[in-house]
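Only one chain is given next, in C-alpha cells, and it is the form predicted on its own.
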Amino acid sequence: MNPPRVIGHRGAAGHAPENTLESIRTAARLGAPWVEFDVHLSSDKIPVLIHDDTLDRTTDGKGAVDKNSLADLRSLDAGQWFADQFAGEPIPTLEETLLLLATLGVGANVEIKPTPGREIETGHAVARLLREQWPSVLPPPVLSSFKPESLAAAREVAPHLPRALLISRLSGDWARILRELDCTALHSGHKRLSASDAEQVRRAGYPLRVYTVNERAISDRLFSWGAEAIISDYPDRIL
C-alpha cells in the first residue's frame, strides 16, 4: 500500500510541538492519514522522537541527545518552547508512539535520524522495533533517511519494510543508491526541485514524495509534476 497524498510533517509541526504525541494527535484531528517523525537513540539505545542531534531547540534541556539516558530525556519539557499550552509535553519513545498510531489509525513515515557515528546502530534499532511492534492494523511504515548506511542497516533487520532515500536536492548518485538499497521511493526537498527533476525520478521508476510544503499553490504545482505525496507542517492546508 502506497502512502497517501498528504503526510503530516513531524506530526503537524505547524500546529503543535514537533515530534510529540500531541503533534501526532493534532495531525489526526486535522485529517492527516499518515504522519512523518524523526527517531534518534538515547544513550541507553532506546529509540525516541526528536529531530536535532541536540536538545536545545525543542526542549528545556541542553547538549547531545545521545549523551542522555531515556530517564533523562523523559524528564525534559518538549512542548513549552512551542507554546505555553503544551508545557509538560514529553519526548516520546518510538514504542509508545506506535501504540498511539494504532489507536488513531494513522500510518507513518519513520525517519531514521542518527547522531553522527551511530548510523548503523540507529538503523538496526529502529528497524528491529518496527519489525517486532508495528501494529498489524496499520499499513507497513516507510523507513526513510538521509543516511544510506542507516537504510542499509534497516534492510538487514527488516528487509520487508519499504525504504526511501531522503535528499535535499536532486544531485549525485541518488538513482544508484536507490537501486543498491532496494528503495521504493525518493523523498526530496521542494525548494530546489524542478519539473525536469521530477520527470527524472519518474523515468527512473520511483515515486516522488516532497517535503516540507506548507502552501497549497506549491503542492498543486508539485502534484502536477507527478509527485505522489506531500509532507507538510500544515496537512490541513494541503488537504
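Note that the structure is a prediction, hence the values are computed from the model and not measured. The first residue of the shown sequence is 1; numbering continues from there.
Only in words, not in the display: the form predicted together with SN-glycerol-3-phosphate, which the text now covers.
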query	finding
One stretch from 172 to 180, 32 to 40, 195 to 203, 63 to 71 that, in the predicted complex, holds residues within 4.5 Å of SN-glycerol-3-phosphate by heavy atom	32 to 40
Full three-residue contact with SN-glycerol-3-phosphate in the predicted complex, heavy atom 4.5 Å, for His9, His51 and Asn109	yes
Residue contact check: Arg163 to SN-glycerol-3-phosphate in the predicted complex, 4.5 Å heavy atom	no
Close approach of Ile230 to SN-glycerol-3-phosphate in the predicted complex, 4.5 Å, heavy atom	no
4.5 Å heavy atom contact, Trp81 to SN-glycerol-3-phosphate in the predicted complex	no
Contact flag, Phe146 vs SN-glycerol-3-phosphate in the predicted complex, heavy atom cut 4.5 Å	yes
